[in-house]
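What follows is a single chain, given as structure tokens, in the form predicted on its own.
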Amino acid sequence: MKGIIIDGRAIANKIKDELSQTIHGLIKNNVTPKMAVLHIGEDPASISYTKSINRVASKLNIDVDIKKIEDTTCDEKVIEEIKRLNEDRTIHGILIQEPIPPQFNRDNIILSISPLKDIDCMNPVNLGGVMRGKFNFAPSTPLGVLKILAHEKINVEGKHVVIVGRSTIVGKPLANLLLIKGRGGNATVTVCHSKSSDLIHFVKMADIVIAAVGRAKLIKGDMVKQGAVVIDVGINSIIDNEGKHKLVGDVDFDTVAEVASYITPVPGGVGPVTTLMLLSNLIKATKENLI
């Protein structure tokens, strides 16, 4: 029997309804939440994600100021723009779309974002807060994963969670959030990556598998134990048998769905919830910046 397919869009709609009430209250007090999104270069996936954010935000009466920066611009100009946004009281959150082209000094750019407006938790100050378990913001994708688990009443306490992927925007912060003492935490966490030997061994032991490595269909059905929960964070574009582009996750959905108790699809799983968690961070920043 196939596992339960988690409907990320339905979860996102519930979050949207909750946020809508808060935003309505802010607008009644003459405050319209507003975020700035910076694009450096022309990465197609990044541009597509920004359009998605803008669509959802507009339905919630959130303003999005999209700023395109040529990849021939120098670091100093980018940092100058970020500092201007830091000081602009009408801007409540700043998001820099990844990937930042390699010719730029990513660390310097990220460090220039005010921690108070860093709604996707890129600044090391906010990432350090996630490590400590005391933070203003956490990265939106890990928050989305936790929201999905909570919505489906999947308790992680005492469970063995295997995360495949160690990025600073998903794998590492998600591991720290799952380890936090208290509700939604207390998991036993293993993080695997490209240098891990015998990946199958670790994944097979997991009560909950979270795939976030960016490799299409890496996790197969025979790697997952019966009844495990599988959360697929990956988004990969492949060419199908008909020669068409198709989005797939890091999980081979058809084979894993046969053994998993719960599974997220791609698209329509983690992605929609991630967008709403980013906007939730923006609303939090808006309220805190008014204090």
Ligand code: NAD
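All residue numbers are counted from 1 along the displayed sequence. The structure presented is a predicted model; accordingly, all values stated were derived computationally and were not measured.
The protein also exists as the form predicted in complex with the ligand; that form is not presented, and the subsequent description refers to it.
Using a 4.5 Å heavy atom cutoff, Val164, Leu199 and Ala212 all lie near the ligand in the model of the complex. Taking the partner from elsewhere, Val270 is found to have a heavy atom lying within 4.5 Å of the ligand in the model of the complex.
In the model of the complex, the ligand sits within 4.5 Å of a heavy atom belonging to His193. Contact check for Ile169: a heavy atom falls within 4.5 Å of the ligand in the model of the complex.
At a distance threshold of 4.5 angstroms between non-hydrogen atoms, Asn281 is out of contact with the ligand in the model of the complex. This chain is drawn without the ligand; in the model of the complex, the residue among Ser48, Asn54, Asn236, Asn61 with a heavy atom within 4.5 Å of it is Asn236. Among Leu218, Leu146, Ile79, Ile180, the residue placing a heavy atom within 4.5 Å of the ligand in the model of the complex is Leu218. The stretch from 227 to 235, 256 to 264, 26 to 34, 63 to 71 that comes within 4.5 Å of the ligand in the model of the complex, counting heavy atoms only, is 227 to 235.
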